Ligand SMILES: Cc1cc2nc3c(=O)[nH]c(=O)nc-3n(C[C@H](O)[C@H](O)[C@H](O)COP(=O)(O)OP(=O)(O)OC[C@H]3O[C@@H](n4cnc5c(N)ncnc54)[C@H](O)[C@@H]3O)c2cc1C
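Let's start with one chain on its own, the form predicted on its own, as structure tokens.
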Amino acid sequence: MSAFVGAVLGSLVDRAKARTNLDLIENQVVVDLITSQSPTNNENRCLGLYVLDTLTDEVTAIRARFTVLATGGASKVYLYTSNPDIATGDGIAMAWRAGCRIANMEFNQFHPTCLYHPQAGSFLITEAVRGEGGHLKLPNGERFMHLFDERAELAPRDIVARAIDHEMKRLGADYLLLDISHREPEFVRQHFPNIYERCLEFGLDITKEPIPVVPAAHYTCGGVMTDLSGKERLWLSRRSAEPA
């Protein structure tokens, strides 16, 4: 998780805790939505959810007049991702099982350069490194982006991510290299202080050596289809008519 996202989440949690009209229930994992078909108009409604208490291993039901799904994407299904461990698509799957419409799940945006290190987690190397002259290289030190796009390292992220993925598969490489070490050390430290410090924690001095990188799943572009107010109907009658 980036420092920016962490700061946003921390601020939102602090604001929520300060509200007297909100009950925050922690250490709970949602198992599934509770739905019930109306006997009057054959419309399926969401009545709440089942949750698992991670401290007691007990499943309980929480009733609700309205339910909001805010569970993020599904990028954790990929080996490398910028997402936290909880971004496994559970909310989207719950909505699908309840009868909601799902669309565009095949579309995922990839960040071209995530730090490759067993202890690094999901640490992104900003695209500004390439913007400031960083070179993408094969394990033998050769540059390759000019073979995929005339803009080379300045090509859009989808082109760069595909190019890195292509070369990794072609060579059977676990990662490729992003090199900014040809720039002045002070320039690198001033422009990328967080990346410099983070890489140092893993024994990498980016002023002297390249950064091992891999493309990482970044944004899940698809999900639950809603209207402009974020609402979605549960289409039980449509789902029940589908062949098994």
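Residue positions are given as counts along the sequence shown, with the first one as 1. Values in this document were obtained by computation on a predicted structure and should not be read as measured data.
As for the form predicted in complex with this ligand, it is not shown, yet the points below apply to it.
Residue contact with this ligand in the model of the complex: Glu167 places no heavy atom within 4.5 Å of it.
Although the partner is absent here, Thr71 sits close enough that one of its heavy atoms falls within 4.5 Å of this ligand in the model of the complex. In the model of the complex, this ligand lies farther than 4.5 Å from every heavy atom of Phe187. When contacts are judged by a 4.5 Å heavy atom cut-off, Asn108 does not count as touching this ligand in the model of the complex. Checking Ser181, Gln28, Ser36, Thr60 against this ligand in the model of the complex, a heavy atom within 4.5 Å turns up for just one residue: Gln28. A heavy atom within 4.5 Å of this ligand in the model of the complex is found for one listed residue only; from Val77, Leu124, Ala93, Leu171, this is Leu124. Shown here without its partner, the chain carries Ser82, Ile86 and Tyr219, all of which come within 4.5 Å of this ligand in the model of the complex through at least one heavy atom. With the partner left out here, this ligand still marks one of 188 to 196, 211 to 219, 172 to 180, 60 to 68 in the model of the complex; by a 4.5 Å heavy atom cut-off that stretch is 211 to 219. Residues from 10 to 27 do not approach this ligand in the model of the complex: none has a non-hydrogen atom within 4.5 Å of it.
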